[in-house]
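As structure tokens, one chain now follows by itself in the form predicted alone.
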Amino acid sequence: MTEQIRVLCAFGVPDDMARRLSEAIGPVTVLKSDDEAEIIREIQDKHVFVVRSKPKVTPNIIENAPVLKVVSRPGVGTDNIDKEACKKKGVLVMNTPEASASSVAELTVGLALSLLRYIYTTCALLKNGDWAKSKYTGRTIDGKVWGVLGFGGIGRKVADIVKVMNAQVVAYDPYIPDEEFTKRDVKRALRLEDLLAMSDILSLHVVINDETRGMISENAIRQMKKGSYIINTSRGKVIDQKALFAALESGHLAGAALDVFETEPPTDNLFLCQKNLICTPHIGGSTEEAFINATDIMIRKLRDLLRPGEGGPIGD
């Protein structure tokens, strides 16, 4: 017996991604909200559920998806998906971490440049008529020790970029083989404490799990150099936000740039208004190129997994 593959796209999936999925995989339904009741109503006959960083894919949703085969995340993080519930039900969780690596890496370096050179601050002042040329003296990436926490695809791309800018790159990742460090001429930190102590600029590129949640704690920040910087484009809960706020207020950290937050959207206006903090609304992977790459990779992986042809069979 053959059955046409049906796809459910979460609210917020780009229209072009949904269109291409419909052309390549099968009929697509796009949700109008993140409401769990609507998801459960629509997922009853769907084989693929495509989500971004929202909604939460809960055990209740998985239990009420009788023919679901795959939850597909066009991007890196899958922390909004209950993977244990999927495993119990035999549902595969699939992502496309390679699709947005360049986009996230470029934003990481862009945030660092904006922070060190006061680009955002002086732009805002100039637009208000304040020619603040003599008020702000920036710093260069050239000559700094750039610490990379997490040496996967994004961390490696960041290392490649900032090495061209004459930064000395040190990275910590206990799960990556030595040859990945050696071939990029990147110094390997054997302990997180060593990375923290060496870094003038520390960028974070880790997934969120029990090991990484709160990894940049008050104690960790205390081990960093006075006057150093943190850039986070990974997950907000990697950093203890209260500890970061205190370190920015005290001047122990010269600045921080965040694309991600403990709660999104963030509601702590006192924190957001810190003068030595710049922030963006989780846009690391939000480029046209990343969306195109993610769609291409997702379609290829779904075809390999489900073996759809022209309305063909779903793979067992």
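Given the structure is predicted, the values throughout are model-derived calculations rather than measurements. The numbering used is simple: start at 1 and walk along the sequence shown.
The discussion below concerns the form predicted in complex with ligand NAD, not included here.
Contact annotation for Val206: at least one heavy atom lies within 4.5 Å of ligand NAD in the predicted complex. Though the partner is left out of this view, His282 does reach within 4.5 Å of ligand NAD in the predicted complex, counting heavy atoms only. Although the partner is absent here, Ala243 sits far enough away that none of its heavy atoms falls within 4.5 Å of ligand NAD in the predicted complex. Using a 4.5 angstroms limit between non-hydrogen atoms, Asp173 touches ligand NAD in the predicted complex. Site residues Val104, Met215 and Val260 are all in contact with ligand NAD in the predicted complex, judged by any heavy atom within 4.5 Å. Among Asp185, Glu211, Asp142, Glu179, the residue placing a heavy atom within 4.5 Å of ligand NAD in the predicted complex is Glu211.
Scanning Val76, Ala159, Ala112, Ile81 against ligand NAD in the predicted complex with a 4.5 Å heavy atom cut-off leaves one residue, Val76. Remark: of stretches 83-91, 161-169, 129-137, 226-234, the one touching ligand NAD in the predicted complex is 226-234 (heavy atom within 4.5 Å).
Residues from 145-170 that approach ligand NAD in the predicted complex with a non-hydrogen atom closer than or equal to 4.5 Å are Leu149, Gly150, Phe151, Gly152, Gly153, Ile154, Gly155, in the order they occur in the chain.
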